[in-house]
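Here we start with a single chain on its own, the form predicted alone, put down as structure tokens.
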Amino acid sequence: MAAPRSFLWTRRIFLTLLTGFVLLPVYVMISSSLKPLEDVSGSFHWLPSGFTVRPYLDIWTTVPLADYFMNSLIVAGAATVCSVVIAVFAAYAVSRYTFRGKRVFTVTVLSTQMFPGILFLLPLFLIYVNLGNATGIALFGSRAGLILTYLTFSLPFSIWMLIGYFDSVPRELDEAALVDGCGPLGALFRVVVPAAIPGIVAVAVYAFMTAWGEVLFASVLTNDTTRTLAVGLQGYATQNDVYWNQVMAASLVVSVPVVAGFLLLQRYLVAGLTAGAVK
């Protein structure tokens, strides 16, 4: 049965307005990043009077953006790898084995998502500082401390998501691998993990994006040498002026890895997010 013409036109108008609403901020960012500072600081004009690529060159010298970029890449990459590896083992154990406290563990993992992140800021700060004073392990102001912090956010959701995905993988595959001579780890890495690639990719993307754009903990638990991109962008605002064109240019540059990764992995991401929803 064909849809009514009024419905088709309503859908087209709605999708056009939605597309414009989504693309409008992107256009403002791109156009502002190509304007001289004088044009950006004044009244906003939809059509720039002139274009310049100077902001894309100045962003690397106004603040040490390359250092911030490397810090973010190391922290987000390490947090993603650790989160995926730990979540795979934990989710596989919960999905395939029965042990005492299994239900308590799963409920506890999920319940951690109910608490706001700011609730953990002061406790983590005190733990890192006191631990460093007592043992000499420098977690405050280090990349390692920030990686551990991001694990507390991404790991519970990653475990819970992979539990649902592993539950959707038939247990007969594990049993067939065990019959063929594989041990539990062999069955996990040779059978279950290849079948769970979409879910693992979805978890990895979630963990990476969580660490890449986080501001609150990075602004407190880092110093000048370990500062990440999300915090480093504040360096374009000085006491005398705000380099808006460089802010827009830097924002576009730091968005490239996330956008490129999403475009490359989107088919795995969609499959992973919907897997395990129906059994």
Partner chain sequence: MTTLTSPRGPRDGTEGEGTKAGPPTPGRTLRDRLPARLRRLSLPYLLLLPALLLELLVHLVPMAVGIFMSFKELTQFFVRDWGAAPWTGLDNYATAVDFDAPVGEALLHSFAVTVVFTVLSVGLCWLIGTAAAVFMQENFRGRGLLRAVFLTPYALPVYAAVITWSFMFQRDTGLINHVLHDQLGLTDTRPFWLIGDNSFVALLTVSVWKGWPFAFLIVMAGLQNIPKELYEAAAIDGAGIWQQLRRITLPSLRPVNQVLVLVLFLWTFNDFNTPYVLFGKAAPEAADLISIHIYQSSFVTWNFGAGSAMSVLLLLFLLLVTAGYLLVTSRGRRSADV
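What you are looking at is a predicted structure, and each value in this text was computed from that prediction instead of being measured. Positions refer to the first chain, counted from 1.
The form predicted together with the partner chain exists for this protein as well; it is not shown, and the discussion that follows is about that form.
- Checked against the partner chain in the model of the complex, the residues L148, I74, I137, V81 give one hit for a heavy atom within 4.5 Å, which is L148.
- Although the partner is absent here, L229 lies within 4.5 Å of the partner chain in the model of the complex, judged by heavy atoms.
- Although the partner is absent here, I200 sits far enough away that none of its heavy atoms falls within 4.5 Å of the partner chain in the model of the complex.
- Contact annotation: S251 falls within 4.5 Å of the partner chain in the model of the complex, judged by heavy atom distances.
- Interface membership of P48, defined by any non-hydrogen atom within 4.5 Å of the partner chain in the model of the complex, is ruled out.
- For the partner-free chain shown, R171, E175, L178, P184, L185 of 170 to 192 come within 4.5 angstroms of the partner chain in the model of the complex, judged by any non-hydrogen atom.
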